[in-house]
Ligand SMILES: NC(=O)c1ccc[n+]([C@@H]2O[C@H](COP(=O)([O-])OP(=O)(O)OC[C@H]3O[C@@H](n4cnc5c(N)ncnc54)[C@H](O)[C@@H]3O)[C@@H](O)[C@H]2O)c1
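Shown here is one chain on its own, the form predicted alone, set out as structure tokens.
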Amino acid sequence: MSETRIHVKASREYDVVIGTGLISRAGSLMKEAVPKATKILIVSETNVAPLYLDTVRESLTGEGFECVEYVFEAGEQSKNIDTVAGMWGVMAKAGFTRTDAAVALGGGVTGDMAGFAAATFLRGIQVVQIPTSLLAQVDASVGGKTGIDLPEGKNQVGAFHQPSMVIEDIECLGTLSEDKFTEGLGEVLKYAFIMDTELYGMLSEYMAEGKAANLQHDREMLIRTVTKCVEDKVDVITGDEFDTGRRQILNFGHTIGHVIERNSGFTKDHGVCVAMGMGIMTGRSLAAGLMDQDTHDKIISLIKGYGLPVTDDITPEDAVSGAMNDKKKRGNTISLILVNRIGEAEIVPMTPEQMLEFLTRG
């Protein structure tokens, strides 16, 4: 067993613990993170619970915690107020107090909903994130964004609620399906493009060596990759916890990606839609003369090289219409994230008319 700790300085300070064998140590880590808690709600979903719920429960009860559980049907379709209300009901019946805590055991959907339930129950209890997917480990579990979807858009209701600890066991990534692992690479590549030339170089070299398809089972490379991404996200949120400035660069590929995801009825995975969004924005930047051909080709090559798509049949009109329902909209403008050089991202506010012109130019 080994671990790396990254400290997050936010409205609540906490550690992101990255390593192997951490699931079986959940109890002792929880004792460290929420020492005043006596009752724990373990939130999980139908794909993850059979793999890890027993281990986490035994570890928690072994440390003296009283545990209750809420397991929902896996998938973005469950990310709604009814599911969160079920969590509230379990905690209310169990007599939770404000010193008790929730544990999010699963991917990004689990983390978002358990975090939102914790943020709102008794006006706020603590939550510990135990992300089991690549997407959640590198992105969703860190930074305190929680929420649910509405029919009108993704993550339309939510709250900022920082966790008390994030426990990232790299061994969990080995149990993911190939599709679910590849999805998470959309968020990994995002960090390389918007801010991290070292990560870009590392992933490019790995791909050039013909190893991209082996990444899921390369523990050493996974630890390096996940650690780099978490360090990048922590760097961004430390200076902009509430997403009013630089944190918006983390949305590269997301504005159009969220529309693609919603229009599919959430049948297309989030990370896949982000990759499509990044590919579309890269093509549009080239057409607008904001990016040179070499940068365009490097971005597209890396996305494809790690098994992700770079386009979708969404029309510019549908992209603009959907983006205007995005939670990041400010008045009549939406902030698009453009990458003109690898490692540098720009926040560009556009009106619907300007966005439509950008997407149709060339």
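Numbering starts at 1 and follows the sequence shown. From a predicted model like this one, the values you see are computed outputs, not experimental measurements.
This next part talks about the form predicted in complex with this ligand, which is not shown.
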Check for me whether this ligand, as it appears in the predicted bound form, comes within 4.5 angstroms of all of Asn251, Ser321 and Met350 - heavy atoms only.
no
Residue stretch of 82 to 90, 104 to 112, 197 to 205, 217 to 225 approaching this ligand in the predicted bound form, non-hydrogen atom distance within 4.5 Å
104 to 112
Among the candidates Thr295, Ser59, Asn47, Ser335, the residue which, in the predicted bound form, approaches this ligand to within 4.5 Å (heavy atoms)
Asn47
In this chain shown alone, the residue from Gln156, Thr175, Ser264, Thr238 with a heavy atom within 4.5 Å of this ligand in the predicted bound form is Thr175
Within a 4.5 Å heavy atom cut-off, is Ile167 in contact with this ligand in the predicted bound form?
no
Even though the partner isn't displayed, in the predicted bound form is Ala117 close enough to this ligand, meaning a heavy atom within 4.5 Å?
no
Under a 4.5 Å heavy atom criterion, is Thr255 part of the interface with this ligand in the predicted bound form?
no
Residue-level question: is Ala74 within 4.5 Å of this ligand in the predicted bound form, judged on heavy atoms?
yes
Taking this ligand in the predicted bound form and a 4.5 Å non-hydrogen atom cutoff, the residues of 210 to 225 making contact are none
